[in-house]
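One chain follows as structure tokens, the form predicted on its own.
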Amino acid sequence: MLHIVVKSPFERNALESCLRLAEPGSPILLIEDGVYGALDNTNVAPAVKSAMADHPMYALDADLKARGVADRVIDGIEVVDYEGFVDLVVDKGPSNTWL
């Protein structure tokens, strides 16, 4: 199952809940304000880095660029374009969106 996190981890606990409840091996995609969870040197970065041992992690390039943070992504998080987003939904579906 693909897990899609939409909300900022600094405003809601969606990312925290997703990391706690997602089955090992399930990919996690960060979009919209959820991309803030992909940033290095934040208070959520250690949890994200730890979760990367069990979950492939992705962040949507357009949303990173729109927020001016594309250069701050944690090493190992794969940045995908819209085509990559669609591929994840098709290949890893069904999906669960965390708000």
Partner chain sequence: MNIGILVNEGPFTHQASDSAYMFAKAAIAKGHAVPRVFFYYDGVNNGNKLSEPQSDDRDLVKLWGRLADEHGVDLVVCVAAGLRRGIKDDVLAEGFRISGLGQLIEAGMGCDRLVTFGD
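Source: prediction; values computed, not measured. Numbering follows the first chain given and starts at 1.
Heads up, the form predicted in complex with the partner chain isn't pictured, but that's what we're talking about next.
The shortest heavy atom separation between Asp87 and the partner chain in the predicted bound form is within 4.5 Å. For Arg67, a non-hydrogen atom is located within 4.5 Å of the partner chain in the predicted bound form, even though that partner is not displayed.
When contacts are judged by a 4.5 Å heavy atom cut-off, Glu32 counts as touching the partner chain in the predicted bound form. Contact check for Glu83: a non-hydrogen atom falls within 4.5 Å of the partner chain in the predicted bound form. Residues Ile4, Val6, Lys7, Arg12 of 1-18 are found to place at least one heavy atom within 4.5 Å of the partner chain in the predicted bound form.
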